[in-house]
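Only one chain is given next, in structure tokens, and it is the form predicted on its own.
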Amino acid sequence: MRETDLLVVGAGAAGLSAASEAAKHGLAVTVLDDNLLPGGQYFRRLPTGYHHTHETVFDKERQRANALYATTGQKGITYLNDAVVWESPENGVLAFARGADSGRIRAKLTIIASGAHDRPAPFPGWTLPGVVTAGGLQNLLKGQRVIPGRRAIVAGNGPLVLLVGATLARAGAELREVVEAAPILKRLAGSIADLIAMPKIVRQAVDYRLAIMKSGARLRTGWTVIEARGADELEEVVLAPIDATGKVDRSRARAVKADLLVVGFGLMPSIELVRLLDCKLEWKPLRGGWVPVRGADFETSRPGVLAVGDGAGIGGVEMALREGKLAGVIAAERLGKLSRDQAANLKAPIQAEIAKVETFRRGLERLYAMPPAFLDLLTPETIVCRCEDVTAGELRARQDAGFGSTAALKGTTRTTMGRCQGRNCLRTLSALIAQASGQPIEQVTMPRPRLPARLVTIGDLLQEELPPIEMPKDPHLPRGERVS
């Protein structure tokens, strides 16, 4: 069993900021990350063996990225890459799989900075080769300098739509159209007062818009993708407007030739670990859906466990950096390395910055707000669960037969039981249940979390030396209970 003062799960913007700040004040910090290289999704690092031959537009964050990468070698920090946290056998202890180096760590305090993943919105043809998510496209461009197609369309909802459109244009793709589901142009006047709290980000957005215009592509707002067509790969994309009631107007649909469709319907917090830790969750649709309930010091309902960054509610990289830094100060204070007055002096400027980002985020949420589900895009043949090839028609047929809960649908169709463990389908499954039952999606009971929190191999688990298993006299009793 390893020991550490502070355990940070995730080496993205929030996690590395927290680790760096905590180590500055004398804490022994261990960082676990399931990626091979630090930086997370936003500050994705080029693979080992790659090198820069010259500066490009994709290196605009290089200075901040390099500073974060350097955190892994900072005094007081132990960085373990390619380490998948999969279990919490007891309070304050996390088990991780890392090949021959698999093991368990006991920490006085834990910060979960698990980040986020793309929010899927299934539609006919979304599984065709040539259809990729916004996050996947960004990873290919940042980490590999690869464009997986030439004639490109970007569709979805949220700030990533503009960013991806501009990125593709600058990378040399033939950008055909960029379509945003929300009517952002009509809402801009009502959001501008909050948006100018972060003028640098606003300037970036204007820059993205100009790059799209310069490419010759058209930006449509209040439109969405409704179908991707092709035999063995993407050949054309069908787009349609959304009317004033939020319904898709299929009578005005139009097809556009393309071999690359990038879809980005926002992000969802990665909550697998906080669910496994039995942290209380709340529904915040504008923050990505289910998020951990947090106190003022980022502590979850499980004592000693803090959650920061996009894994605690989508807020973007600027919020993640600041929340991480503040969490590092909080950890140093909690563990006795800073006095209350010292911590207060350090917290004040960070909290002021967070307040500005929060104001900006509220404006952004109003600008891009959309209905919580895109169920209008589903046809009976549309695959909802990609891992198990379960269609919307199969799920609705099961519902008609009386299988109305997530547990019942999971057990009878294997939805959420594949490799992604529900990351790609649980949101849609819950929306279908909410629609059929007439209840709000936040009242839909989620499937019970089960081990492992993330997939690991049996080979990794066999590397860990464990004490003999202590079994109850009655093996049917829950863990920890004994027959008197």
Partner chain sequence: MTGFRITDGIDRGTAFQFTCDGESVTAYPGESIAAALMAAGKRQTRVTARRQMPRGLYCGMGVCWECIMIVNGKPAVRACMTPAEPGMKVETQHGVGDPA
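Just so you know, these numbers come straight off a predicted model, no measurement behind them. Positions refer to the first chain, counted from 1.
Quick note: we don't show the form predicted together with the partner chain, though the next part is all about it.
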Problem set entry | Segment assignment from 285-293, 341-349, 166-174, 182-190: heavy atom within 4.5 Å of the partner chain in the model of the complex | 166-174
Problem set entry | The unique member of 379, 301, 144, 91 whose heavy atoms fall within 4.5 Å of the partner chain in the model of the complex | 144
For this session: Tell me, out of 365, 194, 394, 318, which residue has a non-hydrogen atom within 4.5 angstroms of the partner chain in the model of the complex.
Result: 394
Exercise. So in the model of the complex, are 51, 132 and 140 all sitting within 4.5 Å of the partner chain, heavy atoms only?
Worked result: yes
Exercise. Does the partner chain come within 4.5 Å of any heavy atom of residue 211 in the model of the complex?
Worked result: no
Problem set entry | 4.5 Å heavy atom contact, residue 79 and the partner chain in the model of the complex | no
Exercise. Taking heavy atoms only, is residue 248 within 4.5 angstroms of the partner chain in the model of the complex?
Worked result: no
For this session: Consider residue 333 of the chain shown here, and say whether it contacts the partner chain in the model of the complex, taking contact as heavy atoms within 4.5 Å.
Result: no
Exercise. Within 17-42, which residues come within 4.5 Å of the partner chain in the model of the complex, counting heavy atoms only?
Worked result: 34, 35, 36, 41
